[in-house]
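Given as structure tokens, the chain that follows is alone and in the form predicted alone.
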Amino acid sequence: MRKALLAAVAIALPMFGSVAVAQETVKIGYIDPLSGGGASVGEGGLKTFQYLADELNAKGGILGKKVEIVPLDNKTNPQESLIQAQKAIDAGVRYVTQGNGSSVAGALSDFLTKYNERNPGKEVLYFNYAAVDPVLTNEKCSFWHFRWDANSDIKMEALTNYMKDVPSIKKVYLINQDYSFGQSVRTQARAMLGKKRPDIEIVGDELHPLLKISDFAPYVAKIKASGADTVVTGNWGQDIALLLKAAADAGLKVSWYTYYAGGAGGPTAIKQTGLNHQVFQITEGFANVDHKQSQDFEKAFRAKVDLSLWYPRAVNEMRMFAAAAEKAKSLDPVKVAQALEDMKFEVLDGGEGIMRKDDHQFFQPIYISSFGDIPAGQFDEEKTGWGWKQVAKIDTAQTMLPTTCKMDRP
């Protein structure tokens, strides 16, 4: 009997210890690609969130609890993402964050919504920092999902508003990844350009497999043959870097309007093309925004992580999470979610953002910038000597689009 009791205590003590540790730690499951074609951006995102956790911990954590980022490799695969989400839940994680791939985001949102319905009192919140398919805050919205990046329609609205006033744009080629997000980019580019500049001719419209193409030379040959003067693409990760590299190798001289040319490998490829301030991207911030606080953050981030800050929105996400927990005086996911609704917040790059209660879409100032020569003393990218320069800013109020979300609330 005594031996059995001692054995039981020996087993129980580590369990109690792990529970105590869990209670003293705010765990955030980072579910993104750490292997395969999306690994370059996934690793960059992980380093970003780890840096932000360190920033919060240096100030006492969240409600006095240490913040821990739990890396979970989903290989950019929806099914693998659900396996990793369950693994996170089993480890006591009540918050997950993900960004790379709207197909993953849709699967995660659906999975966690159903899980939370079945498990009251054990709810898990999903913070989306980069998956921008509009359906996630429209017909497939969920109380348990919050998005900090502008959705694809918001970005395309802003891009096409800028493009309509560029008279040299006459022939446009669309090339995008063949999944929900890429299909949304192509559909809205056609619709919005058709409405705002009906004289523009769409001379090509290509979809290709997501993160599977190692050589974009055949695609670039088609662009060249089409006579296009402009390319519009939502490609991300290796799919934008390799596309731009193939364009450089082929000597393709066109203007590029992109969502993610600033990601890993993109700036190096742009420099190789020699297209000085002819490649544009739309983001919620960039290194050379004229704002001291964000430039100070960029300098410190690069010094420690040896990367550019690709995700200003991740900074906003983590800081707002902390603010919501403080407001709610709780780390209960339901209370944190309620505190986030309609929260107004000063964003990293300056200006006020708001998390709309109706659909959990965050609205903030967004910028169109071009890549090329920059004045001495400004931030360059990937040691190219070139950097991003602002060509347009869209204030928060002008980014707001209506939503079709009909949200079920707990």
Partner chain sequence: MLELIVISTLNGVLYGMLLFLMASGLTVIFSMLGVLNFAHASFYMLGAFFGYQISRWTGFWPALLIAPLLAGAIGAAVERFGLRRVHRNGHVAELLFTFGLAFAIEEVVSIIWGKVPVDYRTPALLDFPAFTIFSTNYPAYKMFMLAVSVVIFIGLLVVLKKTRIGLIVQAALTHPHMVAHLGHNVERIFMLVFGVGTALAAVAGVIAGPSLVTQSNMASLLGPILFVVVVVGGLGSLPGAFIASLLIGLLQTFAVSINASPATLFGPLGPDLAASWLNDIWNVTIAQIAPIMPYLLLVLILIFRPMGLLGTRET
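The structure presented is a predicted model; accordingly, all values stated were derived computationally and were not measured. Numbering follows the first chain given and starts at 1.
Just so you know, the form predicted in complex with its partner chain exists too; it's not on screen, but the next bit is about it.
S.K.: Can you pick the stretch from 142-150, 321-329, 209-217, 298-306 whose heavy atoms fall within 4.5 Å of its partner chain in the model of the complex?
M.R.: Flagged stretch: 209-217.
S.K.: Are any of the heavy atoms in Lys222 no more than 4.5 Å from a heavy atom of its partner chain in the model of the complex?
M.R.: Output for Lys222 is yes: heavy atoms within 4.5 Å of its partner chain.
S.K.: Is there a non-hydrogen atom of Lys245 within 4.5 angstroms of a non-hydrogen atom of its partner chain in the model of the complex?
M.R.: Yes, Lys245 lies within 4.5 Å of its partner chain in the model of the complex.
S.K.: Hey, in the model of the complex, is Gln278 touching its partner chain, heavy atoms inside 4.5 Å?
M.R.: Taking the distances in the model of the complex, the answer for Gln278 is no, it never comes within 4.5 Å of its partner chain.
S.K.: May I ask you to check whether Gln238 falls inside a 4.5 Å heavy atom distance of its partner chain in the model of the complex?
M.R.: Because a heavy atom of Gln238 falls inside 4.5 Å of its partner chain in the model of the complex, the answer is yes.
S.K.: Does the trio Leu34, Ser40 and Thr268 actually contact its partner chain in the model of the complex, every residue with a heavy atom within 4.5 Å?
M.R.: Every residue of the candidate spot has a heavy atom within 4.5 Å of its partner chain in the model of the complex.
S.K.: Just one of Ala191, Ala250, Ala91, Val166 has a heavy atom within 4.5 angstroms of its partner chain in the model of the complex, so which one?
M.R.: Going through each option in turn, the one that passes is Ala250.
S.K.: Out of Glu117, Asp110, Glu201, Asp178, which one falls within 4.5 Å of its partner chain in the model of the complex, going by heavy atoms?
M.R.: For this set of options, the contacting one is Asp178.
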